[in-house]
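So this first bit is one chain, no partners, the form predicted alone, shown in structure tokens.
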């Protein structure tokens, strides 16, 4: 197949003057090169496209592909991750990974928690602060954990995210509203072990690929797997293969959320244990990072004995089951 590859290259946005944190979700050149090499080794012809603007120009020029491997995060708007797949659907071009509805929903952590909670998936109690007037309405018990409602890569999660009283709540909430210009999610703090679960497949055929545990080291910042811990993680945390009953339970919660949210082909879900040791859904990433030697999903694949090519192959296998006419 001729497979177009849509992506946002971090260096392009840095060159335009965007900050390191603003571009944290975007891809490194080595990711795109590795992905294209994997697609080629699997017998396909990868064609680099880029983000939504070059995609729009290519479509307007009449370019078409048998399929698109989409890892484009988008830059603007609360539905930014949904923009590329929505455009591809308008031109009847099939693509790997989740559809616009799922991508728009899951970027909003509060709306996602409403959906999974309604479906019976355990998640910490939560509230949303949309304006400063909402701060006084929070009745959840302390300690609480705050973060922007629609960011990825741990943006806005730092040493101040866990708050122990009303004064801290007000200070952090005001900062998040001003800094990120979006609502803040407030959750009851989960004090237990933190897992990230790799998943491949779609619907009832989706399976847990593996489970990692995020183990804090002395230089770990704050109480969450935030931006600073993710960017330079080597001296702040250990990423270890998780086994045993708690890891298995975390995997089942992640898989339940994956199916409820109708995620497709592959990605990750984050789980943390509550004070009773029970796993709770935190969030899902249906456009998970796939940078070799860096991204959690790649670590999971390595722990499970899969090469990078085999990981990409699993995503494509799921995609082709949804599009048997392309085989």
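Numbering follows the first chain given and starts at 1. Nothing here was measured: the structure is a model prediction, and the numbers come from that model.
The same protein has a further form, the form predicted in complex with a small molecule, not shown here; the description that follows concerns it.
- Between the small molecule and the residues 228, 246, 188, 213, the one pair within 4.5 Å by heavy atoms in the predicted bound form involves 188.
- Of the residues 117, 80, 236, 155, just one reaches the small molecule in the predicted bound form with a heavy atom at 4.5 Å or closer; this is 155.
- Taking the partner from elsewhere, no residue among 201, 265 and 314 has a non-hydrogen atom within 4.5 angstroms of the small molecule in the predicted bound form.
- Here the chain stands alone, but in the predicted bound form its contact with the small molecule, taken as any heavy atom within 4.5 Å, falls in 139-147 among 203-211, 139-147, 97-105, 167-175.
- A residue is said to contact a partner when one of its heavy atoms sits within 4.5 Å of a partner heavy atom; residue 251 fails this definition for the small molecule in the predicted bound form, lying far away.
- Taking the partner from elsewhere, residue 282 is found to have a heavy atom lying within 4.5 Å of the small molecule in the predicted bound form.
- Remark: residue 151 counts among the residues lining the small molecule in the predicted bound form, judged by a heavy atom distance of 4.5 Å or less.
- Using a 4.5 angstroms limit between non-hydrogen atoms, residue 194 touches the small molecule in the predicted bound form.
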